[in-house]
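Next up: a single chain in structure tokens, the form predicted on its own.
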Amino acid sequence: MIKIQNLTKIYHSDHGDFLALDHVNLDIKKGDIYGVIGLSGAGKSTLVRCINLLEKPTAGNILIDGEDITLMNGPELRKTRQSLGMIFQDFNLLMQKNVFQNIKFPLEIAGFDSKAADARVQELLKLVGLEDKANSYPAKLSGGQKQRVAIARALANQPKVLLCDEATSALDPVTTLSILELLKSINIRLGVTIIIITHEMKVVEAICNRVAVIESAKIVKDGLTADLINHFEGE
């Protein structure tokens, strides 16, 4: 599904070079809920931004279904990005648009027929349990509701992969659990592969079948979640 090979990212500045990713290798299978866990500054957010080319890698390859997206540009890259939904810690909702309009926005950008887009939004509102909030604005929503809107919006173009960058970090424990249950349900019902970037082992334990540990720009451990939890408990 996603094969990351020797991925390296170096940031250049007047103060010198900063190595954010150092020859990272990962193999993510279709249908995985794959966790990438690490401390702040370890490189995990840079990794997820490279996967959808919001950041251009300095070196290495990112293959999605056998196609190297680092070689893509223009229309080909835009089409590939539509297959990669993304949700963020701070929700990134459009405050001047209501819930329905926020979810519809990526469909409008993709050129969907308005009637078909409206029907898709209704499906997504039901999926995330917000049918009664269609006309509400983000300022009136709780953190959990905002993240549900963000998830629905990320799913609008029926992506193959959902990238979650610290998606529960701003939420309380009960809301976090409800969002993780929603993501697990989406993974099962829609077959969407999910990559979760987090600094919380509890998130990994709750939802991820596989996990990689990133430290100082390098992957230091990866494998089945149960095996890695046993490893940490044994240390």
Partner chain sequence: MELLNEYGSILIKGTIDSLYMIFVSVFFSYLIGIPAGIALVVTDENGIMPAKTCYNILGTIVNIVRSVPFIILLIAVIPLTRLIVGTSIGVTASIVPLVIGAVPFVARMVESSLRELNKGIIEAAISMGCSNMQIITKVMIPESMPSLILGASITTITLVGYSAMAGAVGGGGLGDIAIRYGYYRYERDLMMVTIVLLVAIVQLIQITGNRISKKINKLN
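Values in this document were obtained by computation on a predicted structure and should not be read as measured data. Residue numbers count along the first chain shown, from 1.
Note that the form predicted together with its partner chain isn't included here; everything after this is about it.
- Although the partner is absent from this view, residue 144 stays clear of its partner chain in the predicted bound form, with no non-hydrogen atom inside 4.5 angstroms.
- Looking at residue 100, you'd find every heavy atom of it more than 4.5 angstroms from its partner chain in the predicted bound form.
- Among residues of the shown chain, residue 112 is not one whose heavy atoms approach its partner chain to within 4.5 Å in the predicted bound form.
- In the predicted bound form, its partner chain sits within 4.5 Å of a heavy atom belonging to residue 52.
- Considering its partner chain in the predicted bound form, the lone stretch of 176 to 184, 44 to 52, 62 to 70, 26 to 34 in range is 44 to 52 [heavy atom distance within 4.5 Å].
- Counting a residue when any of its non-hydrogen atoms is within 4.5 Å of its partner chain in the predicted bound form, the hits in 140 to 165 run 140, 153.
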